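Below, in structure tokens: the form predicted on its own, a single chain.
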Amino acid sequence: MKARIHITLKNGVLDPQGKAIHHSLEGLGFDGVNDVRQGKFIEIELTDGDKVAAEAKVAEMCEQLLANTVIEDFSVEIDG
């Protein structure tokens, strides 16, 4: 079973890397980009067979280690 985790900065949190990407895109001639927010993507291979238990375990991993929940949001997708 595979878990896919998307971690992004919460709305209202300054994203200097996103601003740098936005500026670079404009410099390369890509028009029509209003804003860029960057984040992290993590894949974890799990041995759990229970999808609900796996999702709860991965959420706990995010809350304790993978995401800084003060400034970041996360979403979990379980395949398998």
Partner chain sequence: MTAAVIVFPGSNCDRDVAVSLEAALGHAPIMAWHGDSTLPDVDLIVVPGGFSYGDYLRSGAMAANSPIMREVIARANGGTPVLGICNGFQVLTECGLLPGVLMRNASLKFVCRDVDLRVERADTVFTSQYTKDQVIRIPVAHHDGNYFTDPETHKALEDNGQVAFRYCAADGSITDDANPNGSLANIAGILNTAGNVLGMMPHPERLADPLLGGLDGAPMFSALAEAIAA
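Bear in mind that the values here come from a model prediction, so they are computed numbers and not experimental data. Numbering follows the first chain given and starts at 1.
Just so you know, the form predicted together with its partner chain exists too; it's not on screen, but the next bit is about it.
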query: Site check 16, 42 and 65: each within 4.5 Å of its partner chain in the model of the complex by heavy atom; finding: yes
query: Interface membership of residue 20, its partner chain in the model of the complex, 4.5 Å heavy atom rule; finding: yes
query: Contact flag, residue 71 vs its partner chain in the model of the complex, heavy atom cut 4.5 Å; finding: yes
